[in-house]
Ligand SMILES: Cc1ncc(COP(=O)(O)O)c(C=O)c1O
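A lone chain, given as C-alpha cells: the form predicted alone.
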C-alpha cells in the first residue's frame, strides 16, 4: 500500500504560499539601514521601542502600557506568572487553547471551565459560578475566532464580562491573536477598548498576520503591571529579539501588514468555507459553527465516535487532526479541532473524505 501524502489539519499556522516573504526580506533590509545600532544591540526588556510605540498607537494607549514579547504565548506566561499563585481560582473557556491549560496547571491554578456557546462564553454560567462564592484572580478569554472552537464573543457578552469583572474583582485576560483575520461579519471592539475600569489585560501577536517565525507578540495593560513584568523580563533574558521586532516594525509602518492581512483573510476565508462544505458533504452528522475568521473549526461527532480511536485511524489514512480532549480539563472525547490555515483549497476535500473513511472504520 502506498503511503498517501499527509494532509494536516493539526497545526494552526499559515501555509507558505500566503506569507509575504518578499515583503519581509525588504523590511529586514530597511530595518538594518534605518537603525543598525538599535537592531544589533541588546535593547530593552519592553521590546523594540519604535514597535512598542506603533502598537500603543494601534490600541490608543500609552507606550508605557505595552510590553513586546517573544510571541503571545510568552505574553500569556508572563501574566500568569505575575498574577496566579498555587490554589488561585482561574476561569477558562471550555474548550480552550491546550497550552493555556498546561501553563495554568503548571502554575498550580484551580481551573474553572465555563462552557462556550455559539456566541462565546456562557456568561450566565459564569455569573452562577461567581455567585456560588468562587473568586477568580483571572478569566482567560479568546474573544475572536476562538482557539479551538472558532466562535466569537458577542458584543453583549463583552459588556457583561466587563461588568462581572468589575463587580467580582477579577482581571479579564483578553487573549486576541486572531482579531485581524476576519472574513465574515462585523469587526467587534476589543474589551480593552471598551474598558473604563482597568479590568482588562490584552495580548496579541504578529504570528497570524505576518508569520509564525518572527515570534513577536505583546501585552497591553495598566502601566504599573507592565512595569513589574518588564523587570522580570530583564532578569530572564535582558531583552527579546531586536532583529525580528525591528523587521516587524518596518513591515507595519510601510503598510505591508495591511496587504498581508488581506492576503491571509482572503485565503483563509475560502479555506473555511470549503472545509464547511466538505464536512456537510462527507460527514453530515458532524455538528459545527462555521467561523467568521481565524484558523480553526471545532467539530462535534456522534457519540459512537471516540477520537482516541479516530485520530490514529485518520493518521493511517494520511490525515492529521487534534483530539478535542486536548482542549478541556475532562471530556472532548467526541470532538476534533480542524485547523484550515495550512491546508490549500485543493487538498481540503480530500482530507475530509479520508477523515470520513477513518470514521466509518472506527464505527464498524
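Being a predicted model, the structure only gives us computed values, none of them experimental. Residue numbers count along the first chain shown, from 1.
Here the subject shifts to the form predicted in complex with the named molecule, a form of this protein not shown in this document.
Distance criterion of 4.5 Å from any heavy atom to the named molecule in the predicted complex singles out 97 from the list 97, 288, 183, 78. Note on the partner interface in the predicted complex: the residue among 207, 190, 103, 171 having a heavy atom within 4.5 angstroms of the named molecule is 207. Stretch-level contact check against the named molecule in the predicted complex with heavy atoms at 4.5 Å: of 51-59, 22-30, 302-310, 66-74, the positive one is 66-74. Although the partner is absent here, residue 142 sits close enough that one of its heavy atoms falls within 4.5 Å of the named molecule in the predicted complex. Contact annotation for residue 271: none of its heavy atoms lies within 4.5 Å of the named molecule in the predicted complex. At the 4.5 Å threshold, heavy atoms of residue 177 reach the named molecule in the predicted complex.
Of the heavy atoms in residue 157, none are within 4.5 Å of the named molecule in the predicted complex.
Scanning 306-342 for heavy atoms within 4.5 Å of the named molecule in the predicted complex gives no residues at all.
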